[in-house]
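Just the one chain here, the form predicted alone, laid out as structure tokens.
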């Protein structure tokens, strides 16, 4: 008896499956609940944004999803062969360390100079290849970090505050660049950001996190949800909110996490979504 092979999924069905999915993930550290039954999924060519107040567990969630931390409960599934490009929130670089952009890009993985130039060209800064990292502006550094995340042609970009340290004009440019890349390559994007006025407008899905998922859905749905409005109450009729956040850690050039004791608080203008 000849057994028929099971039907193979079509390209459309394959593309529709999540790149990464977490279900009922919980995490405790030092006896404190960091994440409580959090579920999230990221699909190809879609931008999923995680928002929430300081201490909500956003960066901790990224670490669990990346496999850096093991959850206490729940499970994380990644598509077979998934290539992830990660852009950290902060980098700590010694001011006296002789480190060029070229060397910085190849600290974790080797790549020919032609590839380095191509990635820098894609993010608009090919002229920085041989510049010292310490001489870069905030906007230039964010573009270099994005170029590094693109080195292995990722299926999934994971971005922790990608426009941090960039002025309002530069923020728009960074988010436009990310949007162009996901449309060109079909990669999924999972982003943590406080810049609500920009990310809410460009997101396909928004997860409002405060240890647990307060609300989730399309930007216009989340912006009308009572939990979102409770967390971001200072919102005028144009959907502009002002709130504060603190950075409690930095990354060194190898990507390791260190506590950041000189915390900084910033006021931002956040947009509550296009259709309120």
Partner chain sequence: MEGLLDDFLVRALLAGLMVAAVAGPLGAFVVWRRMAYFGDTVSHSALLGVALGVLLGLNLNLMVTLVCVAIAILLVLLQRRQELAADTLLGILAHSALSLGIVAITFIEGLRVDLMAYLFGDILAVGTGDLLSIAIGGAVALLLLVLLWRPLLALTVHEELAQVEGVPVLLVRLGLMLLIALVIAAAMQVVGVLLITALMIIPAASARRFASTPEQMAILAAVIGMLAVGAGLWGSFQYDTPTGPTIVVAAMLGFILVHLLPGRLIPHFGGR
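Residue numbers count along the first chain shown, from 1. The model shown is predicted, which means the values in this text are computed figures rather than measured ones.
One more form of this protein should be noted, the form predicted together with its partner chain, which is absent from this view; the next part is about it.
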Has each of 171, 173 and 185 got a heavy atom lying within 4.5 angstroms of its partner chain in the model of the complex? no
Consider residue 94 of the chain shown here, and say whether it contacts its partner chain in the model of the complex, taking contact as heavy atoms within 4.5 Å. yes
Check whether residue 77 has any heavy atom within 4.5 Å of a heavy atom of its partner chain in the model of the complex, and answer yes or no. no
Interface membership of residue 114, its partner chain in the model of the complex, 4.5 Å heavy atom rule: no
Is residue 110 one of the residues lying within 4.5 Å of its partner chain in the model of the complex, judged by heavy atom distances? yes
Among 185-193, 200-208, 162-170, 98-106, mark the stretch whose residues have heavy atoms within 4.5 Å of its partner chain in the model of the complex. 98-106
Which one of 225, 63, 212, 218 is close to its partner chain in the model of the complex, taking close to mean a heavy atom within 4.5 Å? 63
Proximity to its partner chain in the model of the complex, single hit among 181, 84, 136, 125 (heavy atom within 4.5 Å): 84
